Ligand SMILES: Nc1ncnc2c1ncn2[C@@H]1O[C@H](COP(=O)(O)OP(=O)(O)OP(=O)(O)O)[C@@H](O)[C@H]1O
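This document starts with one chain, in the form predicted alone, laid out as structure tokens.
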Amino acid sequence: MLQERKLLIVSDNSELSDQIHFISEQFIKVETVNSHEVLKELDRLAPDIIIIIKTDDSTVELVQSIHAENSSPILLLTESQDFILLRDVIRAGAIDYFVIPDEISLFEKRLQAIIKRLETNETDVKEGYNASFKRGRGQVISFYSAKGGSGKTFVATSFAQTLKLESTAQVLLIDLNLQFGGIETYLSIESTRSLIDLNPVIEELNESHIQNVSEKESHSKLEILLSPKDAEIAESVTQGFVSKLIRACRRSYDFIILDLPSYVDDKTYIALEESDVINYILNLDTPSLRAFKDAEVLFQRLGIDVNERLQIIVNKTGKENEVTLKDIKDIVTVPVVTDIRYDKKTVQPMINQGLPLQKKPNEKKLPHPAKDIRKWVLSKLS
């Protein structure tokens, strides 16, 4: 047991609190406090890990308040699945959440991993290193467009490839175009494996399972989870599967890139909800603008909160566009973060051959779209 470290359970549910206390005290010293007293006791207890057991509708506010006062990792435990609540507590400051008792084994493994990280950091400090606790929660970046032919998959694939080449980050690209796929064509990948192969182990999914199913791009070693490319199989993929897949990937990767279909079903909905950033791919033409406006209305109707998450990537820019970048910025209120030039003569043959635009770090002779994407990626990493 790591006696120098302390875990704090915040709960008004004595039965569940006792169960978590019993599990946790095998690894770390444990204290318990109710939700009404926790803010008064935080300074005195000085916990290194905080576990909040959901009791009422004030859970999100409780997470926000604790996070504002204490920088220790916060885990939420709840007895029922609630996608909206779980999304909100993550944004409020929690690093992970678990549905108990269904995910009790996942919780125990996650707790042990956090404790191990604390021990590692403590050792580093004693040896003179400037160590800090890393939360271990990957960023989910989705690529979406309501209009087909926008270049969404091309941009998502190129972004993930460049991010992998230009950083030391662990990057995973997931193709959620479940009926037809597409990423395998851009990266010239032949495989019979797909993300649906993770279904039997979805309840205990870990990095090893993901790596057994994923493919690697030959130049960057970017990891990719391919779509089953089968409409019948796609119907068997549930909202819960997608949510658990993304959550498991968060624990193992720094960046999870999602290529989403143009339609919004329950799987696309939950992927958008789980995303930290939604990159909307927009072309400079009237049909694309109309589709974007329709998508904004749909997001509002479905209750998808895109505030500070939605941003526009303008693709295929050139002198021949009927609409200009200035027009876009005058018409829409969503921020335009970058624009990618159109270079069909150079890029189309590479797409036809399944060749990535960039094959090595800091590559010099790149086509214009690759240069624009690389500049965007580097700005994100700086």
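Remember, it's a predicted structure, so these values are computed and weren't measured experimentally. Residue numbers here begin at 1 and follow the sequence given.
The same protein also has a form predicted together with the named molecule, omitted here; what follows describes it.
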item: Three-residue site F159, T338 and W376 fully in contact with the named molecule in the model of the complex at 4.5 Å by heavy atom; value: no
item: Contact segment among 211-219, 163-171, 142-150, 95-103, judged by heavy atoms lying within 4.5 Å of the named molecule in the model of the complex; value: 142-150
item: The named molecule: the contacting residue among Y186, F292, F107, F255 in the model of the complex [heavy atom, 4.5 Å]; value: Y186
item: Residue among S275, N177, S194, T268 with a heavy atom within 4.5 Å of the named molecule in the model of the complex; value: N177
item: Partner proximity in the model of the complex: L42 to the named molecule, non-hydrogen atom cutoff 4.5 Å; value: no
item: The named molecule contact at V347 in the model of the complex, heavy atom, 4.5 Å; value: yes
item: Non-hydrogen atom contact F299 with the named molecule in the model of the complex at 4.5 angstroms; value: no
item: Contact flag, Y342 vs the named molecule in the model of the complex, heavy atom cut 4.5 Å; value: yes
item: Contacts with the named molecule in the model of the complex, stretch 313-332 (heavy atom within 4.5 Å); value: N315, K316
